[in-house]
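Shown next as structure tokens: one chain only, the form predicted on its own.
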């Protein structure tokens, strides 16, 4: 009887997921429909909803990139320390004009708040598409506890970018402009990361760590029962590094010393975090850290994540711990892998609160 009940519950969940996905309206469609109670597929287990401790005294790292040529050594030191201890930090005076950041947030909102019939043609789960809109890439992952309260528009912007006409008209120009700015910042960051590892400035760049760029425009509508949901489940990014733009609502939390720490919204700042592949090739020197986004009764919350990866996922290039970092006292901690293999594994695994990297541990 227990087995029968479990099968029935699983069947009901899959049916509900499919029915929701078939609307192609995303979470925004549910809000537009006037729901007041959270559908079962969005209700997370209690353990995954634990809030931040009230007495947290942690100060989230903030790094000023102004006068980077003059203050290079100090900036490298700050980034190194933040990458080793937090896996996250915020940067100001990063070179991207604030009006560009603000328009990127507005452009994201414009896309997601269009009529559903305008959004529908972009809705897809075909990972081969260069422009794709949906709710939860991992919606049907068996190991994901529940769906996240979030819709996203994803665009491939380098090295083989989506054609301008493939991008939604409401945010086309700003996505192109913003991605050009972010690519420049990405090359600056890989140089700083390289120096922080004691490598030549162009080492990570020559490894292709900033060749590929994907832009993810997230829309988190107000949630009728935020205490039961998550905007984004606990996870670590499976790229080299991520540049995140968030609005003033906040909700992003980072797991630091086994406590959830709020990332304070700072107008004009960008959040940088280490991804799994950078932790792997740095042999655990830099840390890819779990993070999540809380649901909120106010909204929508807007964020734009820029994921830096290698140029082509089909590439046979192998990534393992960098030889120059290894020694008798610091042997390799991971086996080498292609990014295609790594991404396929992490996608299949889903958000199950376990590190993607543990699968590659020696």
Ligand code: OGA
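Residue numbers count along the first chain shown, from 1. Since this is a predicted model, take the numbers as computed values, not measurements.
Below, we turn to the form predicted in complex with ligand OGA, even though it does not appear here.
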Notebook entry, point to check: Taking the shortest heavy atom distance, is residue 190 within 4.5 Å of ligand OGA in the model of the complex?
Noted result: no
Note to self: I'd like to know whether residue 301 contacts ligand OGA in the model of the complex, with contact meaning heavy atoms within 4.5 angstroms.
What the structure shows: yes
Item checked: in the model of the complex, residue 220 touching ligand OGA (heavy atom, 4.5 Å) -> yes
Next item on the list: Please run the contact check for residue 307 against ligand OGA in the model of the complex: heavy atoms, 4.5 angstroms, yes or no?
Entry: yes
Item checked: ligand OGA in the model of the complex: contacting segment from 287-295, 153-161, 102-110, 205-213, heavy atom within 4.5 Å -> 287-295
Next item on the list: Would you kindly say which of 175, 75, 135, 244 lies with a heavy atom within 4.5 Å of ligand OGA in the model of the complex?
Entry: 244
Next item on the list: With ligand OGA left out of view, choose which of 195, 235, 130, 181 has a non-hydrogen atom within 4.5 angstroms of it in the model of the complex.
Entry: 235
Checklist line | Residues within stretch 169-186 having a non-hydrogen atom within 4.5 Å of ligand OGA in the model of the complex | finding: none
